[in-house]
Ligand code: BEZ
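So this first bit is one chain, no partners, the form predicted on its own, shown in structure tokens.
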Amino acid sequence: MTQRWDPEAYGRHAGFVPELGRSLIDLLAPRPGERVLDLGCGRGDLAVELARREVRVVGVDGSMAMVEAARRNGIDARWVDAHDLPFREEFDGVLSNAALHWMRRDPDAVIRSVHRALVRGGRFVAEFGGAGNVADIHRALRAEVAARGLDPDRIDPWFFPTAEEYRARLEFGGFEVEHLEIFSRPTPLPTGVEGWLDTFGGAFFAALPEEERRPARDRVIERLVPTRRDAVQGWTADYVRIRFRARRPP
């Protein structure tokens, strides 16, 4: 099963994602007139900011609903598979926020595809989920589908590597890694874990018969109450992020 995206629900439940990724633009340090690819552009939040900086930006996403939302925001957005980008030495930079961990099928193909899309000396800047990202939620989702007789490994849509593993993948893919870090970022959930699950947990629930989806969601929430809900702070997600800047050699 694949993840389905609703741009309006994403803005309501997960508007914090592009906000927390906004500083990636400074790490990319684009100059006016440069051409930048926003990989996994979603609704185009960061692409809009790039355009404000007089950058020529193209957004790509695997969700047609998100592509259409980005177009409504004035972005040149295209429905493209990141494993095989149709670009050859066209971009000075590639920016990606909260998208690479959804590309589990072949992470190395994504890296090679980005490498081909960049001009020589071009920069690849990204942030995405690293090892331990949303560990409690991830564990609860996998446990619930397993309890209902399904293999979580066949359903799980996420790729959460260690920093060492991803650095090695970047280098194997031809990049020079200038900066790479992994860090914890506990994140308040504005609409609770319910909104988070509705936005990001779709691949797990879609694998179940329709009549089991709501009970499974409710059971996942029950599993998470002891660890992710606080009487004062409410619901938080235990985010762990990898952030890096790499360069295609000149």
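A quick note: this is a predicted structure, and the numbers were derived from the prediction, not measured. For every residue, the number given is its place in the sequence shown, counted from 1.
Note that the form predicted in complex with the ligand isn't included here; everything after this is about it.
Although the ligand is omitted here, in the predicted complex none of Ile25, Val55 and Phe124 has a heavy atom within 4.5 Å of it. Only one of 157 to 165, 144 to 152, 77 to 85, 176 to 184 places residue heavy atoms within 4.5 angstroms of the ligand in the predicted complex, namely 157 to 165. In the predicted complex, the ligand sits within 4.5 Å of a heavy atom belonging to Ala98. Looking at Val134, you'd find a heavy atom of it within 4.5 angstroms of the ligand in the predicted complex. The closest non-hydrogen atom of Arg241 lies within 4.5 Å of the ligand in the predicted complex. None of the heavy atoms of Phe205 is located within 4.5 Å of the ligand in the predicted complex. Heavy atoms closer than or equal to 4.5 Å to the ligand in the predicted complex belong, across 189 to 207, to the residues Trp196, Phe200, ordered by sequence position.
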